[in-house]
Each structure stands twice: as C-alpha cells, then as structure tokens.
Ligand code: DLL
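Just the one chain here, laid out as structure tokens, in the form predicted alone.
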Amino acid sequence: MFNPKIETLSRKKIEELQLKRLRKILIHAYENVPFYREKFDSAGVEPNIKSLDDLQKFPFTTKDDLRKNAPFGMLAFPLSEYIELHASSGTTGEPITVCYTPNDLEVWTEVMARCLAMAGLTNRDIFQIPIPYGTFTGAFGFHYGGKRIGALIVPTGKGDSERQIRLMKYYGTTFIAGIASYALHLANVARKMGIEPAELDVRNGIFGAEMFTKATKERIMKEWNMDVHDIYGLTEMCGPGVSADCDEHDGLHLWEDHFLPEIIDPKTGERLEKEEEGELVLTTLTKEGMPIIRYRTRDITFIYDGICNCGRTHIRHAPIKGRSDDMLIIKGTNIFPSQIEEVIMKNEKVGNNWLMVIEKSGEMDMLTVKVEGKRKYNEEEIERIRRELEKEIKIVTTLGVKVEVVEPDSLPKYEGKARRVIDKRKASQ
C-alpha cells in the first residue's frame, strides 16, 4: 500500500472524514462558483448539511453544464491561482477543460500513487508511459504518480509503436500504462518485429480510458505474461486515479476520502443500493480549484457489498460496463459494445481488433461484427469461426448478428481510444 493509514481506515472514520470534507466543499462551491450558488438556490438547498444522505437533495451536474460554462466559468478562484490545465479527449462532444491549483495536483499525485502501488509499481521499476503528453490527462497522471513512488519513468509519449517496443527492450521496461486496446496492438507489433511480447521484461501493466472487459484483461495477461490492473477516472474529477483494482482483481477500490460515489437509476435519478447496477455519480471532496457536485458520469457500474480480502476498506465498484449514452438499441434490444468484446476476446482463433457496423435494411436494423483472424484461414476455418462467434454473441445479447472474419491487420487501428462502433443508421435517416 502507498498510504496504509488512509487505505485501511474504518468505515466510521471514512464517513466522518467524508462528511467533514463534503460540508466544506459544498460551502466552498456555493460561495465561490456562481453556477453552484444559482443551482443550490434554485433547488432550495443549504450547503451546511447535517449528514451524507443530505447530498441526495442537491441537483446533479452534467457534462452540458460544464460545456455551457467553458472554459473557465466553473472555477472557484482567479485564473492566476492555477498552474496547469487539462482537457477531456472530446470523444462525445467538445472537450471539457479543467484547471488545477497546486493542491489539486497534489491530490491527483496522491491518488495516482495509490493506484500504481496497488498495481505493483515500486521504486525498482522501469515505468514506460506510451500515452500522449498533451492536454489529455492520462500521461501526466501516470507520470506524477510514478514519480511520487520513485519509479524510473520512460516518457515515450504517443505513437511510433515499433519505437515503443524497441525502447521496452533497450531499457528493460518492467511496467507499462495506457489504453487496453493499444497494449494488444503493441503485442501484435512486437511479433511482426520478431519479438515475443512475453519474452520482454514487462511484468505489470495498468490500463484504462476505454471499455475494458475481463476477457480483454485475460488476453493482455496471456500475450504479455504480465499482471494487468484496471484504472478508472475522468477529466472532470482529476483524470485517471479515481479507482483501480488490487491483486484480488475483484472490483476497483474507489478513494472515498477524495471522491464521494453514488449509484443512481439513469432514467429517474433515484439513488440505488449496493449491488444494484446503475449510473455512477461522483462528488469531489478535495478539489478546490474546480469543485464538482454530484457529477453524472454516464458510466454504468455497481458498488460491491462487503470488504475486500486485500485489507483496503475503501468501497469497490464493478468494472465499467459502458456508458449510458453508449448503449445501442438494435432490433429493440439493448446492447453494450462490451458484451461483444467479451465474446471476441474469449475466442483464441481471432485477433485483437474488431468493429461493429450497424445499418438499415429496409425497416430492419442489421448488425455486422467484423473481427480479424489470428492468422489467414481457409474458407472452411472461417466458416467454423464465424458460426462459433455468432452463436456466442446470440447467447450473450439474444440478438442474431452477422459475423465477418477478415484478414489480420485489415481493420482500422487506433493509438488512442479504439473506435468500435460505426452506426450508419443516422446517416440513412
């Protein structure tokens, strides 16, 4: 553990600390952010709350709220008080801008160090970060956390996959971070270079920023012969570092001394109980520069009941199933792309790259799943793989789909977040 005293606090102590910090941040937001003063007044709520349950009375903050007040309308201090700016990747619209005070960066560094230590990073590791160093939060979060732990950081940044592999071999990289799909892409690149990924010194990895199923994790583990951890975060909170999984690999520990989680019904906004799946809502407890109250993440998960065997007492949530706005309705059936990925990654005969294409055939929705073969197959082999995948996808989704097994390296590749869905229905309307 990076911070054993905090990571093993009793539930009573955690909740006492949360209430103290929640009161402070609500008053801070009300007094210093005009958006929240107007929002609280309109809802008829007082920031000086008496219990954690009182938070339910407060209005939600949404991504649209942040966009309408962009870039600096949500800040609590004059711009001269901030020392760093980051922004979301903008995959679902205009990027969200966040500014950090020195204390905000200190908090981010702390939670990232906890996540990285939980994933096995030590001051003896050579830590390679193949993520863009720019306004995107990813690389800087891993860099700050790794620096705090004392690891030797290799800041390779974005792109040039062959160079990434050469540097891994040259420096003896032992730990990597980034996006899960890119880790799988790097494995393919290494093999083309005549290097077996599992023969490199990389023995640990932590990945996030996109949909990340159990089957994907297992495939990365197998291809690299390394332990794989999941990390969760979002720019609106700090970046990566909100939560991560421990060696039990049974849910992600969320740092409750800095973030207060709720699970709500995405349709009604009503709070749900533990083990009930819904939308994750987060409130920052220590983010002074840009406090965020009851932020609707749109990420679908649930909170586990019970204490983890690792000894950490902070709650665990399930890996993110998908975003509520990523859910697809095809032939009247609700589908998350993660369901398709889970089936594909369990099949040993196909590669790591895949794509969903949705289009209209008359009045009917048609879903085609394209997946690269592990190698070139003859027609008989392709037909057998196609039938296997169509059968398994139907079991998981109840939906009949068309599967196309295409040649290796024939689908688009991404060094950032992978684009897995092409919905042509909108274009045809």
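Counting begins at 1, following the sequence as shown. These numbers come from a predicted model, not from an experiment.
FYI, the form predicted together with this ligand isn't displayed, but the following is about it.
- In the model of the complex, residue 97 stays away from this ligand, with no heavy atom inside 4.5 Å.
- Interface residue remark: residue 235 is counted as part of the site for this ligand in the model of the complex, having a heavy atom within 4.5 Å.
- Proximity of residue 210 to this ligand in the model of the complex falls within the 4.5 Å heavy atom cutoff.
- Shown alone here, residue 216 lies farther than 4.5 Å from this ligand in the model of the complex, counting heavy atoms only.
- Among 75, 119, 320, 350, the residue placing a heavy atom within 4.5 Å of this ligand in the model of the complex is 320.
- Among 340, 293, 231, 176, the residue placing a heavy atom within 4.5 Å of this ligand in the model of the complex is 231.
- Considering this ligand in the model of the complex, the lone stretch of 263-271, 283-291, 194-202, 133-141 in range is 133-141 [heavy atom distance within 4.5 Å].
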